[in-house]
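Form predicted alone, single chain, as structure tokens, below.
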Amino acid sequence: MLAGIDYFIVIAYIIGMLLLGLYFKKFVNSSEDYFLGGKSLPFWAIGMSIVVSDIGALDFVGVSGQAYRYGISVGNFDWVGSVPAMLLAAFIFIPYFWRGGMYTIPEYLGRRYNQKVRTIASVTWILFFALDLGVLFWASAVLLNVLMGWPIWISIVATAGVVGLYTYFGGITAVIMTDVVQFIIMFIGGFALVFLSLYEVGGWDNMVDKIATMGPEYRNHFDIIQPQDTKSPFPWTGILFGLTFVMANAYMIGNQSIVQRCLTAKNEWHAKASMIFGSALKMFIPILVLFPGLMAVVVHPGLEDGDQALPMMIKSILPPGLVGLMFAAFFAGLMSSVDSLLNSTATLFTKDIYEPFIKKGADDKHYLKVGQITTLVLLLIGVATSPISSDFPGIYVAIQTFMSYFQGPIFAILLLGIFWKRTTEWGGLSALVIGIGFAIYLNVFKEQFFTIEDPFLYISWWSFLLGFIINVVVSLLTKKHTEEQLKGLVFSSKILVENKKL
């Protein structure tokens, strides 16, 4: 049972986020203000926002559970995956997107290839974000139900109301600046649990010694590199080829909700610095989300469900006050993920679907209003689809698997598009369509091709490789672009002047 101080902290946090987000309404006067923050935001705020929006309560619980079951190898997703990918994005891709005046990643693909590639990529991301939104609403509702005793539907409406209001009125500026506060709360709450847990187990060396004596199943618990035949989902081959080469890069370079933040930077230096600063902060994330699961092996051995590790540690380790702060940290992660999806999906729909196909050449205020209305519609879709998550316990894993359907092919055409002049529009289109189809095929018949239960890392790698090869072959057989068409779109040429249209 929570103490009174814990209830106060959680409610004060929710109200504070709403008021802070609504404050930024006065800075929104155009569609650029709404979608790109008027290109006025500093690197430190963007870097914090990138990190906190990528970590939600499900990640806290899930990664701690994986660490409880499999050890520290789950930390590869940040240490080996995210950090190198963020640095690659900072020095190569972000400057091109920022100087080109892009609003969306598919917009770049449209300029580099053709409108069909832009539309397919945009619709794919919109579908993924819309599905993910319902899952996040349900997760926040379950959290508030357990924490505050609120009924599920009241919790869903409360979350949608708070996040929806400040995202509707304040746009991406409100999203990023509320994320800064949420980042600070998450780090304070998370590190409080880590330090108190470490004290409880008698320090790091003592914990390692105790786990080492618990049986042969724990012998690889502190090996960050797992053998190829490991029973865990993290064999070194999957980590190297699927994660490091494909999924991490695709996520940090091709994910609208990540890259759009960098496009809000006040200049190119801040755009690059935001990713570099974010990568430095990312180094600490495994400590926050992984270590409590490791320490739970000692404090709460024999749990049937590893996902219970973090809640059990919070219950047994944290004093009143800090419990409320930790739940506020959970909620911070959820809210930052929801506001990111809302704004990014509204941007994709308005700029890649509505403006090119439904109403070209309207005035700026019209597109601002469309973005705001799209945000409201997405809220309603998220609320309406959220109960689906209760019927399918594995839907969160399914959505992560869905990312492996398209991230490989999209990264293949992004990579070749920016580094190889000879890539053609038909090479990109065929690689995207066939690559996604191949990834779906591999997943449907995964038992015939893979020995591990969740082979999404391998699926990402093979769909990327096929997309890469098809892009090269078809491009060599079709008409190449002129130098003028490629101006500012490939690594060896000068960048487009801002706002040059397709």
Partner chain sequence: METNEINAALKAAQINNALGFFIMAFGVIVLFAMIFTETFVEHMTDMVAGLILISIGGGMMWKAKSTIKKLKSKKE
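Residue numbers count along the first chain shown, from 1. Not measured: the values here are computed from a predicted model.
Unshown form predicted together with its partner chain; subsequent notes refer to it.
Asks: Just to confirm, residue 486 within 4.5 Å of its partner chain in the model of the complex by heavy atoms?
Replies: Close contact is absent here: in the model of the complex, residue 486 is far from its partner chain, nothing within 4.5 Å, heavy atoms only.
Asks: Wondering, does residue 40 line up within 4.5 Å of its partner chain in the model of the complex on heavy atoms?
Replies: Looking in the model of the complex, residue contacts with its partner chain include residue 40, since a heavy atom lies within 4.5 Å.
Asks: Does any part of residue 412 reach within 4.5 Å of its partner chain in the model of the complex? Heavy atoms only, please.
Replies: Outside the cut-off, so no.
Asks: Is residue 429 a contact residue for its partner chain in the model of the complex, using a 4.5 Å heavy atom cut-off?
Replies: Close contact is absent here: in the model of the complex, residue 429 is far from its partner chain, nothing within 4.5 Å, heavy atoms only.
Asks: In terms of non-hydrogen atoms within 4.5 angstroms, which of the given stretches 469-477, 451-459, 437-445, 40-48 touches its partner chain in the model of the complex?
Replies: In the other structure, the partner sits against 40-48.
Asks: Each of 113, 117 and 418 having a non-hydrogen atom within 4.5 Å of its partner chain in the model of the complex: is that the case here?
Replies: No residue of the spot touches its partner chain in the model of the complex.
Asks: Just one of 184, 225, 212, 380 has a heavy atom within 4.5 angstroms of its partner chain in the model of the complex, so which one?
Replies: Exactly one residue meets the criterion: 184.
Asks: Could you pull out the residues of 166-193 that have any heavy atom within 4.5 Å of its partner chain in the model of the complex?
Replies: Those in contact are 173, 177, 180, 181, 184, 185, 188, 192.
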